[in-house]
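The form predicted on its own is given below as one chain in structure tokens.
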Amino acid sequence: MKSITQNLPKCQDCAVRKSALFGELETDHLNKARELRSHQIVIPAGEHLYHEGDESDKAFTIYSGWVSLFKNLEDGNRQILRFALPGDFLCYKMGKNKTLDHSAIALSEVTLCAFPIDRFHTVISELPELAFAISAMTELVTERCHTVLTSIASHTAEAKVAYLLLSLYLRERVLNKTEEKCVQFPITQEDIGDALGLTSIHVNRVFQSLRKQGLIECKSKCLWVPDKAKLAVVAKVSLPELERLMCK
């Protein structure tokens, strides 16, 4: 883990600002909001950001990289709660209970903007717009999680995997505008299985089927969806609605 305290990127020039907490703030409020950030942290792939049971004294915005949020189950398995991408806001707890109920691990090298939580009390009193920004971020994450549950709960394994692939592809595509066909995709088939309640063998079969249908290409930690509309049909989801939700 590496800590960076100097020459930090300016919030107004941040590549992920539109998708991050401060994207909800007007430009003239950014200097005040920037006082919240203490430093950046760089975490190598495979290392934990935090563990379930830790007490949170900092909140984080993902500046770059992918993170898996998960819980270890009593039977030794794990349940991935969601995959967090650049712009996502993690670890913010303002109540009396500061104990985290899940763990987080870097799926790729991750850079985080760190915000000591005790600074939020002072800044929010001076900048109430920040409280609204936090509320908006929380509402968006809740809406995405609810949509995932209602979209895949009773569907086939193929529909579940198609939904997850398409939703992550859309998010990564809007975050990293590039001429390349494929986007970064550092998660494994085992990760997908742990997120959807499927075995990695079952996920592999679905991948083979989606490839044969020409719906995805996935190799070297990159994902390409040649026809989003066709994959949306398999995922049993409205593409415009999913784009609205994932591309905010």
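One-based numbering along the sequence shown. Because the structure is a prediction, the values reported are computed rather than measured. Here the rigid core means the biggest group of C-alpha atoms that line up within 1.5 Å when the two forms are laid on top of each other.
In what follows, reference is made to the form predicted in complex with a further copy of the same chain, a form of this protein that is not presented.
With the partner omitted here, the residue from 138, 156, 108, 176 that has a non-hydrogen atom within 4.5 angstroms of a further copy of the same chain in the predicted bound form is 138.
At least one heavy atom of residue 236 is located within 4.5 Å of a further copy of the same chain in the predicted bound form. Interface membership of residue 197, defined by any non-hydrogen atom within 4.5 Å of a further copy of the same chain in the predicted bound form, is confirmed.
Contact annotation: residue 102 falls within 4.5 Å of a further copy of the same chain in the predicted bound form, judged by heavy atom distances. At a distance threshold of 4.5 angstroms between non-hydrogen atoms, residue 152 is in contact with a further copy of the same chain in the predicted bound form. Counting a residue when any of its non-hydrogen atoms is within 4.5 Å of a further copy of the same chain in the predicted bound form, the hits in 112-129 run 121, 124, 125, 128. Residue 174 is not among the residues whose C-alpha shifts by 2 Å or more between this form and the one not shown once the rigid core is aligned; its shift stays under 2 Å. Once the rigid core is overlaid between this form and the one not shown, residue 136 does not reach a Cα shift of 2 Å, moving by less than that. Once the cores line up, the CA of residue 117 ends up less than 2 angstroms apart between this form and the one not shown.
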